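Here we start with a single chain on its own, the form predicted alone, put down as structure tokens.
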Amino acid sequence: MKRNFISILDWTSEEIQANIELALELKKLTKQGECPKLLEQKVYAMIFHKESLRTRVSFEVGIFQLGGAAIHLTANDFVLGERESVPDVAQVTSRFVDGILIRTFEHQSVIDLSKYAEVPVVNMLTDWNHPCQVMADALTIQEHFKKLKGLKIAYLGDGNNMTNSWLCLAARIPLNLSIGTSPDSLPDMDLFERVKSAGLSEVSISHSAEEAVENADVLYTDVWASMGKKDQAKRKIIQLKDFQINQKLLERAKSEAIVMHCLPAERGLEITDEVLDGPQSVVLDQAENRLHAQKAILVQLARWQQNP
């Protein structure tokens, strides 16, 4: 059966937790030099409309380690929906490859692509959410605390695609998600209200950074002006200057709290060097886990495709 990974909401709580366990197993085997060739003879089209370091490298390396191959495509090759319609791109590409991976701006573009594709579609990032990143984050937290459920995650900064991704995860895994942001930089409030009403997780928005991080297990942040929105940078600095993760703020969290950032970071703005490079930071583990989390996602999608 063809399944996609466009949002965390595409998968059940049980499927998400099982995929984290699969990622842990694949990571262990990879470290031992025994990564299984579970994607042997499979080829994936990777469409990039945004610049990429971690996403491109982690996906290409992961596909190679699993025995498959990746084809890198950019706007220099084709523009989705211009020279060729989205249905044509989806259906033609499906005849060549075993999966379509896309990193783009409009979330609807990925939804449309998945509607017509005959192979699994993976969202490598849109302006609305970043599900591969939050799966890697969940993996990192699981490794560190040996659990995910019930932890307090304090997300500080802009209400962007990462904030939305954490809200999506809170709709599937019981969390205490505390969002600290200004009244002018809120996440998708329709999504927030749906997650809050569902009652699985405790979700809140605070306009005080100190309040948001009180007794938190995890402090998380992202750049204040996302890729493609750098024209908003000056305004975002004014809006979010009180939500910087620094040592003073970190001291309000639990003593064993970890600090996370999906990178790239604008050091000295959303987070200080002292904290980003400090002993409570797990940002490098987090970045590495993109590789292992994404391998598990691709393997699971391939298994579903092979077993209708």
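In this text the structure is predicted, and so the values were computed from the model without any measurement. Each residue number is its position in the shown sequence, starting from 1.
Unshown form predicted together with norvaline; subsequent notes refer to it.
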Check your understanding: Which of these stretches, 138-146, 179-187, 84-92, 125-133, has heavy atoms within 4.5 Å of norvaline in the predicted bound form?
Key -> 125-133
Point to revise | Selected contact from 258, 262, 47, 275, since only one has a non-hydrogen atom within 4.5 angstroms of norvaline in the predicted bound form | key: 262
**Study point:** Candidate from 201, 109, 206, 226 lying within 4.5 Å of norvaline in the predicted bound form - any heavy atom
**Key:** 226
Point to revise | Heavy atom of residue 160 within 4.5 Å of norvaline in the predicted bound form | key: yes
